[in-house]
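Only one chain is shown below, in structure tokens, and it's the form predicted on its own.
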Amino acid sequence: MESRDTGAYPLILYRGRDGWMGYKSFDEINEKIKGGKAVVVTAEEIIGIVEEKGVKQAAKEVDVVTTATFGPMCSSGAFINFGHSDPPIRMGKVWLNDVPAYAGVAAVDAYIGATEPSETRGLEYGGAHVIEDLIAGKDIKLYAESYGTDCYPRKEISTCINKNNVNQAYMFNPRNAYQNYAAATNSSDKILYTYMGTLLPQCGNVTYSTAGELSPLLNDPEYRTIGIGTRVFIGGTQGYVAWQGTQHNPGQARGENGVPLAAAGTLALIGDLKQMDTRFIRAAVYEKYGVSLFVGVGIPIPILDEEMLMKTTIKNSEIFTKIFDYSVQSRTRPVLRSVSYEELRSGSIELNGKTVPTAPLSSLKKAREIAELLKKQVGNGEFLISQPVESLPAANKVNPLDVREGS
């Protein structure tokens, strides 16, 4: 294998069975996208294409594979700049529809987290609902307090805002698109109410949350094309990978196909809330647990070479995760078994000698809708791919919180 300079990006060459063959560059693929000549397929479609045409021919023909997921992503939220009142106020405490927002960033900036509950409606309404209502164009009650200063004399304000009268409103999600999240069950004698849904006693059910073979980071398991600066579909608009996500843990054990066998990589994503669509951002309430936010994410993967193509042909039968027992109240919950997503998607699995029903928390139907929409946008020249300005860490250690008595 060797490389040669072709301008903006290097062109990689390799010696195949048929002699030298040029790999595609990001620039070359974007030129085809701009000209409406790019061949774009979804991560589900590419599997059949490769089976029919073979790897070499498919790699020549296909330029982009679209991936997507739509599921609960609690580590999400939005920054909002409200603009200055007259007289001005330095907002010290902020509530949006009675949901507390964090105001310790600037005079009229605040960050509202998706999982923050309402002070008046409890777990029935929270930050996720405020975000969805903002996207829908609804008026949101803003109440803020301040201690008052010489330059910001006002001490209280009560008004309404919406996405059209605030200056900026953009989602910044610290942890989205988890790479291969674990499944959950409950071996105890009582019902458990968790972020993995309601878990029935005596391993009465198993829940999981993934789009499987359609999921972005499972189609680029080694982060060759997805990195800082990657353009993504988020919530109905174009956004970007801003950084590695919190709890990014790529050092997990991996199978022969390079796919991690446990929760690994994550993405921090950013996008303009004003341009989003409630079809792809939805608030959710988990019984006796709290509020979460369903986020739609799609990422186009450029087919740079045959190796990249092969990564996008991953099947649910080739992706394995672990089933954890959530009845054990410890960060090191026991693993009851390893299971493929093909088994989970079948509706039931064998666990401890009995047949147990399985249920997804994420929506495969909505993920397919996003992948198809992204396919159309790329094919129409509306959505270009972007080369990462920096790769995601390939090795990272996630440390537990050390709780010390008296500290």
Partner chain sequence: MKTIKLSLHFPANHVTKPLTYDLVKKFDLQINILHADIQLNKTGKLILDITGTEWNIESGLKYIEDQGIKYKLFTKSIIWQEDSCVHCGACTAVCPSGALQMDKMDWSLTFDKEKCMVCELCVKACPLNVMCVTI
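If you're wondering where the values come from, they're calculated on a predicted model, not measured in any experiment. Residue numbers count along the first chain shown, from 1.
This protein has a second form, the form predicted in complex with the partner chain, left out of what is shown; the following refers to that one.
Exercise. Within 4.5 Å of the partner chain in the model of the complex, heavy atoms considered, which of 144, 273, 301, 283?
Worked result: In short, 283.
Exercise. Of the residues 359, 47, 351, 39, which one places a heavy atom within 4.5 Å of the partner chain in the model of the complex?
Worked result: The residue in contact is 359.
For this session: Can you work out whether the partner chain is within 4.5 angstroms of a heavy atom in all three of 104, 172 and 243 in the model of the complex?
Result: Answer is no for this spot.
For this session: Look up in the model of the complex whether residue 346 has a non-hydrogen atom within 4.5 angstroms of the partner chain, and give yes or no.
Result: Residue 346: yes, in contact with the partner chain in the model of the complex.
Exercise. Applying a 4.5 Å heavy atom distance criterion, does residue 364 contact the partner chain in the model of the complex?
Worked result: So residue 364 counts as contacting the partner chain.
For this session: Find out whether any non-hydrogen atom of residue 149 is located within 4.5 angstroms of the partner chain in the model of the complex, and reply yes or no.
Result: Because no heavy atom of residue 149 falls inside 4.5 Å of the partner chain in the model of the complex, the answer is no.
Exercise. Any chance residue 205 has a heavy atom within 4.5 Å of the partner chain in the model of the complex?
Worked result: Heavy-atom contact with the partner chain at 4.5 Å: present for residue 205.
Exercise. Going by heavy atoms within 4.5 Å, which of 134-142, 247-255, 286-294, 161-169 lines up against the partner chain in the model of the complex?
Worked result: It is 286-294 that comes within 4.5 Å of the partner.
For this session: Between 63-78 and the partner chain in the model of the complex, list the residues on our side with a heavy atom within 4.5 Å.
Result: Residue within 4.5 Å: 70 only.
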